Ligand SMILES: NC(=O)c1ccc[n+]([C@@H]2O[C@H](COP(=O)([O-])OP(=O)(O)OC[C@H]3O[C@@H](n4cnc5c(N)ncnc54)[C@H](O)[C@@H]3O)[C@@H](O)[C@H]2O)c1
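We begin with a single chain expressed as structure tokens, specifically the form predicted alone.
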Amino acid sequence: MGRLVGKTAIVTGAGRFGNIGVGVCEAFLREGARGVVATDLTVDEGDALRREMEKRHGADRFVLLRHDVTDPEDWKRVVATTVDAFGGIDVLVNNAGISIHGGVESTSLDDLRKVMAVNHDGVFLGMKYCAPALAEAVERFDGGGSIINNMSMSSFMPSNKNLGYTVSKAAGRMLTLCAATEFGPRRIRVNSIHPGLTLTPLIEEAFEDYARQGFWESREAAVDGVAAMSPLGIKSYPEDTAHAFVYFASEEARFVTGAALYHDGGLGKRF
């Protein structure tokens, strides 16, 4: 407890119960973050999410904003709102992502561009517009500012069923490295986390789609089958992955930048 005392974070893709973004918000608040600004394109569960966060972590520490990560003006608004509410930005978590299934022949150019816009361009815009505020974090914390990009194990594992997602995440890994090189002198650390199978609504929906396409007998069979492929052979949940985000956001990682943390139960070592 207390590893993020006084820090303020923006977490994208955090408007839906059960996803990694909400798990990260919970972990940050539990570790003493001064404030967390969660954003998402859809905030249908917003009122319930705000009430739950206030119940668990107290009032005035959690803000939820509707946010299109592909829109530069939306990013400017989110940054300004965060600075006005909490006095600065210490951590940016680029977590928002979408997936449209298909391979080279079956994926339309429009669908590929749509996935790239969220999963890659959204990360680029977040780093671009948050960087000036993050550079000021060094005045508050020796570890400076921290950017954490959720890039998935798909960054390293080719797929003929999920081309757009895989390519966008691989590009995001290189984007992370480039930003780490550029932002290092300003004391902004940039790292990526690469979860494997994590049971979130997005994964459940993806595997439901796989089952409809005949790749697996059922959604449950897909979940169990992929989990069994890893050396650990177990399922992971958002609260498991959130611990890795806490580490990169904390002062414990003050000398870590450009790192890629596999959080996949060893699945990537099989491929």
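Quick note: we count residues from 1 along the sequence shown, nothing fancier. Keep in mind that this is a model prediction, so the values were computed, not measured.
If you look for the form predicted in complex with the named molecule, you will not find it shown, but the lines that follow are about it.
Undergrad: Suppose contact means a heavy atom within 4.5 Å; in the predicted complex, does that hold for all of 133, 147 and 188 with the named molecule?
TA: Checked in the predicted complex: no contact with the named molecule for any of the three.
Undergrad: Quick check on residue 195: any heavy atom within 4.5 Å of the named molecule in the predicted complex?
TA: Residue 195: yes, in contact with the named molecule in the predicted complex.
Undergrad: Residue 172 near the named molecule in the predicted complex, any heavy atom under 4.5 Å?
TA: Close contact is absent here: in the predicted complex, residue 172 is far from the named molecule, nothing within 4.5 Å, heavy atoms only.
Undergrad: Just to confirm, residue 92 within 4.5 Å of the named molecule in the predicted complex by heavy atoms?
TA: No, no contact at 4.5 Å.
Undergrad: Are any of the heavy atoms in residue 16 no more than 4.5 Å from a heavy atom of the named molecule in the predicted complex?
TA: Residue 16: yes, in contact with the named molecule in the predicted complex.
Undergrad: Select, from the options 180 to 188, 125 to 133, 161 to 169, 81 to 89, the stretch whose residues sit within 4.5 angstroms of the named molecule in the predicted complex by heavy atom distance.
TA: Of the options, only 161 to 169 has residues within 4.5 Å of the partner.
Undergrad: Sort through 223, 229, 211, 202 and report the residue having a heavy atom within 4.5 Å of the named molecule in the predicted complex.
TA: Of the listed residues, the single hit is 202.
Undergrad: Using a 4.5 Å cut on heavy atoms, which of 52, 31, 239, 68 is close to the named molecule in the predicted complex?
TA: If I apply the 4.5 Å criterion carefully, the residue I get is 68.
Undergrad: Taking the named molecule in the predicted complex, which residues of 130 to 157 have any heavy atom within 4.5 Å of it?
TA: 150, 151, 152 sit within 4.5 Å of the partner.
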